[in-house]
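Alright, here's a single protein chain in two forms, structure 1 and structure 2, each given by itself as structure tokens.
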Structure 1
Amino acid sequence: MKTEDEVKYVEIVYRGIFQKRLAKYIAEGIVYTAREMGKPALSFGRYGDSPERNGVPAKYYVGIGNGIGEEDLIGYSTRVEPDLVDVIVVLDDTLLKGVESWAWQGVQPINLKLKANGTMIVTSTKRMDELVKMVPKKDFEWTFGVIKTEPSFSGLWAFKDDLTMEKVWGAIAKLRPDIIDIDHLVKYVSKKQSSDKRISAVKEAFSSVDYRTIRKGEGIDFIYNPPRLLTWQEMLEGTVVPAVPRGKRNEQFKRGTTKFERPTVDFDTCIKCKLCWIYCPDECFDETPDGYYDIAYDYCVGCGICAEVCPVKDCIVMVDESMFTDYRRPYEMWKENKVKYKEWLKEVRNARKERVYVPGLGR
């Protein structure tokens, strides 16, 4: 038997810190339910950047033994991350644009590790057809599931008990009964905390999860080139790397997938004071020839500091990341058609914010 048949893995992709507890609890429920089904199971949390930092994409894994014992399961799972996973759960639809959870590995497609015929499930209020436009293509068939719900964001360290956990479990039971089945799941949930609303959330998700097969080659092109890391002979000594040349940025460590909101700029009202340029901790602003400040969105972590410091009311406004499908720069769009830009700005700024309110994030 090949390793990948002996253990089935579920990968839960979440945003630190807001969803850290949620991811852990989802993993825990899968472990206990799988064990109810008589299979050994365990879970592990992994991350590159700290999941205590706002918005950082991080991962939780569940490993379930398939005909092997507990100890072998631990042996296979003493890893940074599994090579391939059977199910991917995405707890925020903006993560579909890719994640950069490991420093120096670059921005990876969300379904990088999906096994052939695997399943990816996302929580979103968007329609299936809108979401399909965001997923990278694979050279095999797979199943895409959508749980219609707002992405569950809690505040710092807290856990928002909004039944997302139960919904995710129910959706997995529907699409992947080989991982956890509905009978054992209901049994586990009733045992854990006998409450009708929890059990009905499970059942509701089980019967209502929207899903469809994604054909081989369907989806967007997402070119991921894993970096070639240097050998010990090639590296500079003493933990030294060459500085990024002036005017350039580090191609391998962008951090833009950390954001769930991005700053939008109204260039018509900008007074060219430069404060955004000075204060942005990630140096995302570029001065344009006519003295405005353009944003490199793929490097922006969405911290909101620029919106806080900008002295002009409504000049920089943070907007929900789900409003955007790409990292196109704002200045270019504004230059192209200022009237259209203004209309577009109004539209995206009026859109509802789906994610948690955190003080100091520029709103």
Structure 2
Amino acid sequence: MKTEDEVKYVEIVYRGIFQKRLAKYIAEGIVYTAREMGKPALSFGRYGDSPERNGVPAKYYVGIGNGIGEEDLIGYSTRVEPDLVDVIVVLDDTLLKGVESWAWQGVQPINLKLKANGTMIVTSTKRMDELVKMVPKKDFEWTFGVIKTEPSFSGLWAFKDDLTMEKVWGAIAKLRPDIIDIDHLVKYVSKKQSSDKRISAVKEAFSSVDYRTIRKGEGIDFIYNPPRLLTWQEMLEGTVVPAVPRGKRNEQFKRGTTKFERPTVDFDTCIKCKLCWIYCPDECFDETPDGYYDIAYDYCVGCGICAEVCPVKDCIVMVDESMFTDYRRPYEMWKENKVKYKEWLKEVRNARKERVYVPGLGR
């Protein structure tokens, strides 16, 4: 039996800090249910994801033994991350655009590690056909599931008990009963406090999760070139690390996938006060020749500080990141056609949702 057949892995992709406890508790529930089924199981965070920064994509894993013992399972799972996974759970649909957790790894497709005939489940309020346009192509068939719910966000020390974890468990039980089945899942959930509403959430997700097969080659082209580490002959002498030149940015660590919102700018009302440029913690604003401040969206993490410090009402407004397919700069669009830009601005701002309340950020 191959190693990949002896262990089934579930990968949980989440927004660092905001969904840390949610991911941990989802993994915990899968482990306990698998153990109820008589299988060895364990969970672990991806090495290097901690300490986390707000919104940075991070991963949690569950390993479930298939005909092997506890010690062998621990041995297989003592690694940075599994090579392939059977199930991917995505806790925020904007993560479908790609994930960049570490420096030097580049922006990876969300389904990079998915096995042939594997399953990916996402929490979203969008329709299936809208989400399929965001998923990268694979050269095999796989199953895509959607749990109709708002992404759940909380804080580092807080847990928003909104039944998201029960919905995720129910969806996995429906689509991958070889991982956890509904009977043992209900048995596990029945031991928890307020078990009636939790069991109802599990059963609701089990019966309502939307899913379909994604065909070979269906989806978007996602070009990913894994970074190549230098050989010893290519390294500089000693421990010298070349610095990023003054006024430049690190091309190998953009972090644009961190955000689930992006700032939009109304240049017609901008007073060129410079506060966005001063306060941006990631130095994403560039001064233009005529004194405005443009945004490098591929480096912006969507923290919203620029919108909070801007003194002009509605000059900078945060909108839903999932509406966009590229990182084209707003100043370029405005200079190209100001009337068209104004219409575009109105459209994306009207489509925005109420901003997520995140404890600890003063919003």
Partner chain sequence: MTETRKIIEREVLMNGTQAVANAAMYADVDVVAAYPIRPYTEVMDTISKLIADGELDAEFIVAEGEHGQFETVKHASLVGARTLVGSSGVGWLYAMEAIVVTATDRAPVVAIIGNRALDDPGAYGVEHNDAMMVRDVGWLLAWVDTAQEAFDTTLIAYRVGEDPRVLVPVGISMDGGFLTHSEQIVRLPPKELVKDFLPPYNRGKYLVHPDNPITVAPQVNEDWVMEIRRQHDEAVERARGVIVEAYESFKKVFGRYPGSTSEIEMPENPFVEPFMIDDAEIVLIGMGTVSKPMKVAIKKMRNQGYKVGMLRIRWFRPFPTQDVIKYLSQAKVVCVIDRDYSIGSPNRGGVIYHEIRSSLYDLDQRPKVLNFIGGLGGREITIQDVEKIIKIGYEHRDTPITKPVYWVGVRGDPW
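As the structure is a computational prediction, the values presented were derived from the model and not from experiment. Counting starts at 1 with the first residue of structure 1 and goes up one by one along its sequence. In this text, the rigid core denotes the largest set of C-alpha atoms whose superposition between the two forms falls within 1.5 Å.
- Annotation: structure 2 represents the form predicted on its own, while structure 1 represents the other form.
- In the core-superposed comparison between the two structures, the C-alpha atom of Phe153 has shifted by less than 2 angstroms.
- Relative to the superposed core, Ala34 shifts its CA atom by less than 2 Å between the two structures.
- Superposition of the core reveals a Cα shift of 2 Å or more for Ser194 between the two structures.
- Taking the core as reference, the C-alpha deviation of Lys248 between the two structures is 5.2 Å.
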